[in-house]
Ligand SMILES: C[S@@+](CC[C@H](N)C(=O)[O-])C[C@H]1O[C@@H](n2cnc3c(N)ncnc32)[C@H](O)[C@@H]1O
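Below sits a lone chain in structure tokens, taken as the form predicted on its own.
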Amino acid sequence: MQLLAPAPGEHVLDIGAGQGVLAPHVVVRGARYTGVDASPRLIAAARRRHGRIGRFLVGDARRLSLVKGLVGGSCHAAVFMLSIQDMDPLGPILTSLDWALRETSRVVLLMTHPSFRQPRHAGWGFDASRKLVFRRIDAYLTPMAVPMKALGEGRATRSFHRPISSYVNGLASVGFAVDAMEEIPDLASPGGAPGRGRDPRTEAEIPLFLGLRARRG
């Protein structure tokens, strides 16, 4: 929300909105909220929870121009909150974003940090000689689709890893320049024991999330 900074009268588009958890935080600042998600089930849940304050539409992030109720060039800002890494390919998504946003606009991406948190290609290790917990990185520059374990009765999905340059350059291709970045660590609870044998001091130094904001116009 610090990066998004919605202002009164603005129209914010939440792409991959899920159950619409951002809606009340946007609306309380006087902005209008529209959430789009490819899952009818999640959109139905969003409407039950937040339908009085926001608008929720079923749609494909790669084809926003086909979403009934969306008007091209009508949104002041867009946000992908932990959703961009579930979407592929990136090019059509950014072209679609370009269609939805005004000439003067901004976009915020929040994701697990691509440099340190690649699914199945990064993990914690322990250097016994130095008594040091470290983060092991097996791959970074190569884009990849990583199969993810299904949760409960849900279907198995894929996480699409891309280096940070893919996002910066992709946003630039539709006229956006990154002007702010936040790297957010996984801090241990005060007084709590480190989880899974990890060192909370190390976790405080190696980011869990990356937030990027880009502007144009």
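Worth saying up front: this structure is predicted, and the values here are computed from it rather than measured. Residue numbers here begin at 1 and follow the sequence given.
A second form of this protein, the form predicted in complex with the ligand, is not displayed here; the remarks below concern that form.
- With a 4.5 Å cutoff on heavy atoms, residue 18 counts as touching the ligand in the model of the complex.
- Proximity of residue 81 to the ligand in the model of the complex: non-hydrogen atoms within 4.5 Å are present.
- In the model of the complex, the ligand lies within 4.5 Å of some heavy atom of residue 59.
- The closest non-hydrogen atom of residue 87 lies within 4.5 Å of the ligand in the model of the complex.
- Residue-level contacts in the model of the complex: of 168, 180, 31, 38, one residue has a heavy atom within 4.5 Å of the ligand, and it is 38.
- Checked against the ligand in the model of the complex, the candidates 70, 27, 172, 42 yield a single residue with a heavy atom inside 4.5 Å, and that residue is 42.
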